[in-house]
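What follows is a single chain, given as C-alpha cells, in the form predicted on its own.
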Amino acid sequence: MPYRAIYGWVFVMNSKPQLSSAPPRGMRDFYPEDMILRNRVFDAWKTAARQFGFQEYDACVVESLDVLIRKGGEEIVRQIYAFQDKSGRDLALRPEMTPTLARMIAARQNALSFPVKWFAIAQCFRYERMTRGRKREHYQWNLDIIGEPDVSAEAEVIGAAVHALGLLGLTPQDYQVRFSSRALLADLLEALHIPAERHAAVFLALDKLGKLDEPAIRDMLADAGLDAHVRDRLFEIMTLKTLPDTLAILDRKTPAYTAAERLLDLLANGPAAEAVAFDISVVRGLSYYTGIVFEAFDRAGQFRAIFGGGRYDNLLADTGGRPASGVGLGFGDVVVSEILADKRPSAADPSGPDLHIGFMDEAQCACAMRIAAAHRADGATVDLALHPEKAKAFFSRAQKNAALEALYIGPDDLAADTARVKNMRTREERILPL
C-alpha cells in the first residue's frame, strides 16, 4: 500500500494517519523496568547530598531566555529549545540548572545565610548532536556551594559526587576524577606572554583537546593570535600531569598554584583520595569558570564525562545579584546509567512488591482486601489481584513482577481460616492466620 511520510507522521493512502510510537528524537521513555535503574541513581544522589549536608531545591523547567543568554551568550540560542509564548515572551527549556540557581539566590540574597549548600535533580534539554552518553533530554544532579571562597567547597562537592558513585557500586578502579585550574592555566598563559584578552579564546580552543584533531585546534589558536612557537609551547604545557611540573614554567607558586595544592591535601582526607589526579588539560568550555575545574571519566575511556564542574566567582553578579563565590557540579544520569548497565547490576535488586495477593473466586475477594489493607498499614508494599484467577496464572504473575512473597486464597483456606505465604526466592512457605 503506498504511503507518505510528512513531519514524522506516516500517511497511508486512503487510510487514517498513524502516529509513530517512538518518543521525539533525543528524548526518552521510562518503562517500569527502566525506572529501577533510574531510581537507583536518583536514590544514590539524594542519599549522598543529604549525608554531605546539602538542602534540596527545585525550579520551573521553563526559564527566561534572557537569564540563559546572560550566562552563555547569544550563541546559546542555537543549542537549546527556545521559543516564544502566546504573549511574545522569550523562553526556553532549561539546558542546565546553574543560571536558575543564580537567579534564585540573587532573589533572596539578603535573607540567606551563607555559605549555602543546595542540590537539585533537574530535567534538562539541549538541542545538539547526539552521541553515546549524550541525549537531548537528561536528568542532572546539581550540587552547589555559594559563598565559600576556600577550596574546601571544591573538596566537599567532589567528595559528595565520589560518595554517590560508591553508593552505586563503583570504585576508583572504575573511574578517575581529573582536575585543573583555569586561574593556574591563565598564569601559564601569561608566562608564555599571551595577553589576558586572548585567554577566553585560548581556553575555548584547548577545551577541544580530545574532541578535535590537533591541526583544527592549532587553527583555532592561530585565529586567537598565537604564533607557531607559542602554539608549540602550549601543546607541551597541556601534557603536564602533575602539579609540580607547572613550576618549571611559573618559577614560583602563584595563588592559583597554592589553591590547587591545598585542594589535593584536602581530598587526601576524604572519599576521593584514590580517585583524584591533577591534569592541566582539563579546561571545561563554559566561560563562567574562574578557578578549579574538574571532570570524572570511566577508566576504560568508553564514555563522555560522568560529571564535571568548577568554581564560578562572577556568575551571581552577572545575573543581578551581589558578588559571591560559587562552586558547582553537574552529574548527568545518561553516562552513569550506561556504565551501570554495562556492569550488569544484580537482578536481585529489590524492585517488586513485598507481597502479592490473589484469590480463586469472588468469595475470597473481601478477605484478600482485608489482608492487603493490614499489610499496607504496616508499611509493606502489596500488589492485590483485581479479579479471580487460577493459582498457576497467579504465581506466574507474582514471579514476573518480582514479588518477595505470594499469598493465594482459595475456598479451603477461607474455611480453615489460614493460608500459606510462599517466599518467591527460596520457595519456603509460612502459615498466615486469616
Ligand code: HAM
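We number the residues from 1 along the sequence you see. This one's a predicted model, so the numbers in the text were calculated from it and none came from an experiment.
Absent from the display: the form predicted together with ligand HAM. The rest refers to it.
With ligand HAM omitted here, the record of contacts in the predicted bound form names 299-307 of 299-307, 242-250, 106-114, 170-178, defined by a heavy atom within 4.5 Å. Every member of the trio 98, 138 and 312 reaches ligand HAM in the predicted bound form with some non-hydrogen atom inside 4.5 Å. Ligand HAM is not drawn, but in the predicted bound form it has a heavy atom within 4.5 Å of residue 329. None of the heavy atoms of residue 364 is located within 4.5 Å of ligand HAM in the predicted bound form.
Within 4.5 Å of any heavy atom of ligand HAM in the predicted bound form lies no heavy atom of residue 261. Ligand HAM is not drawn, but in the predicted bound form it has no heavy atom within 4.5 Å of residue 278.
Comment: ligand HAM is not present in this chain, but in the predicted bound form one of 155, 355, 221, 334 has a heavy atom within 4.5 Å of it, namely 334. None of 142, 319, 325, 254 but one reaches within 4.5 angstroms of ligand HAM in the predicted bound form through a heavy atom, and that residue is 142.
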